[in-house]
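Presented below, as structure tokens, is a lone chain in the form predicted on its own.
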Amino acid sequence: MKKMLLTGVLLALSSAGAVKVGVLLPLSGASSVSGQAARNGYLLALDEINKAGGVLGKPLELEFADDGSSPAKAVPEFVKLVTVDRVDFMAGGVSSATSIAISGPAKQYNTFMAWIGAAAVPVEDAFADHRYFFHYHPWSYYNFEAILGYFNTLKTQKKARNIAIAYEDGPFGSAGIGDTVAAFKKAGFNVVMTEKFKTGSGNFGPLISKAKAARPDIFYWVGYDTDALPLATEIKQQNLQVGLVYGTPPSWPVGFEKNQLADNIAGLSLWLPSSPQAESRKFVAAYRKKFGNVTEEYFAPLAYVNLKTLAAAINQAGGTDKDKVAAALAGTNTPTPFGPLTFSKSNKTQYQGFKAGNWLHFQFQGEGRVPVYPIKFAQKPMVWNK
């Protein structure tokens, strides 16, 4: 018994003064597929960091909190992590709406934020004056730059001219929709429909009827994973004839690739398990060893990279002083499963990680996500249904 108590005391001493990172994720609700994928990425990174000696000589500690994909829940969870759990740094963040909601408290408490998601420009606006905000995920205009490049290729190769756009009613889908339409028109496309929908409603009948009447070559939708299956179902039921259905949810529903409704639907991803980078192969092997399977959700490796680089910056800084850690993190130049990671200015924030060049386009074919563009990463030809 004495030995057990002594062991407990030693363990307690060994963790005293450990660096704590709060991780706010949507572990439930509309964005939970992304949140759960990210959680696994953090846990894998935590294992590797602590096996390599931890941070500042002690095991790194994570405090997870579930924002429920809801701004109303995200704020108290964020404040609790910062003021009650007294974490040293904050990581995570997937939804744009929840990130906007916590921007006030983040600035009030001068919180160090290493943020993996939240691509909408209003998030960039909200954190533009925050000196400790590091954003890993490309902003929405980088996403659109990659999409426009692909669609321009379809215009050349498939004579695609007419685009119908459906977008969710939150910041992720609605912010910048006017700029999106203008950019498509400037590139020579005809935008034959723009229609807003309520994410998670599952009611796409009238929207698809309108798209069918508009006769687009490309049906382009911006929403969340909860919208993918009901939308695909309605497209099938109404027999919407288009060359390509292209969606940009941050994640896709679990098992969506095995549903015949997913066949030939295309999308955007920062990473796939088949990505050729050496760091991607290492990540896939380590993920399979820990979890017994392989994910196709890029938020898993994104969270992994997020924590590994933050931990490396704290070690390099030699302490938790925010200015020193920020300077160290700003100097990051490391290979990752997505390619090299460095930080540079975006339109409004000081520290932006990945940008347009990191995206690839895939299509659901044969119960899997197959890279189809850029050509150098393509594994099969893209299926055009016209």
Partner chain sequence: MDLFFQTLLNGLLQSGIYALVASGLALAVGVVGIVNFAHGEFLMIGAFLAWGLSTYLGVDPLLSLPLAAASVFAVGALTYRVSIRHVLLAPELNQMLLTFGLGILLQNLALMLLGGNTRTVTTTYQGSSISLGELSVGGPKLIAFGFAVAILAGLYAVLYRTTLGRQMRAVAQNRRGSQLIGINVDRVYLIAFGVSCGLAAVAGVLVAVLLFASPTVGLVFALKAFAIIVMAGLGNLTGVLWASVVLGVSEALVQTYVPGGGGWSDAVFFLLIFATLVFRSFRGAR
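Only a predicted model underlies this, so the values are computations on that prediction, with no experimental measurement involved. Residue numbers count along the first chain shown, from 1.
A second form of this protein, the form predicted together with its partner chain, is not displayed here; the remarks below concern that form.
Screening Gln108, Ser209, Thr83, Gln157 for any heavy atom within 4.5 Å of its partner chain in the predicted complex leaves a single hit, Ser209.
When you look in the predicted complex, the only residue of Val254, Ala128, Ala285, Ala187 with a non-hydrogen atom within 4.5 Å of its partner chain is Val254. Its partner chain in the predicted complex comes within 4.5 Å of a heavy atom belonging to Ser32. Interface membership of Leu27, defined by any non-hydrogen atom within 4.5 Å of its partner chain in the predicted complex, is confirmed.
Heavy atoms of Gln238 reach within 4.5 Å of its partner chain in the predicted complex, making it an interface residue. The closest heavy atom approach of Asn293 to its partner chain in the predicted complex falls outside 4.5 Å. Stretch-level contact analysis of 277 to 285, 157 to 165, 108 to 116, 198 to 206 against its partner chain in the predicted complex, using heavy atoms and a 4.5 Å limit, identifies 198 to 206. Taken together, Asn143, Leu329 and Asn358 are entirely out of contact with its partner chain in the predicted complex: none brings a heavy atom within 4.5 Å. Heavy atoms closer than or equal to 4.5 Å to its partner chain in the predicted complex belong, across 228 to 246, to the residues Leu229, Pro230, Thr233, Glu234, Lys236, Gln237, Gln238, ordered by sequence position.
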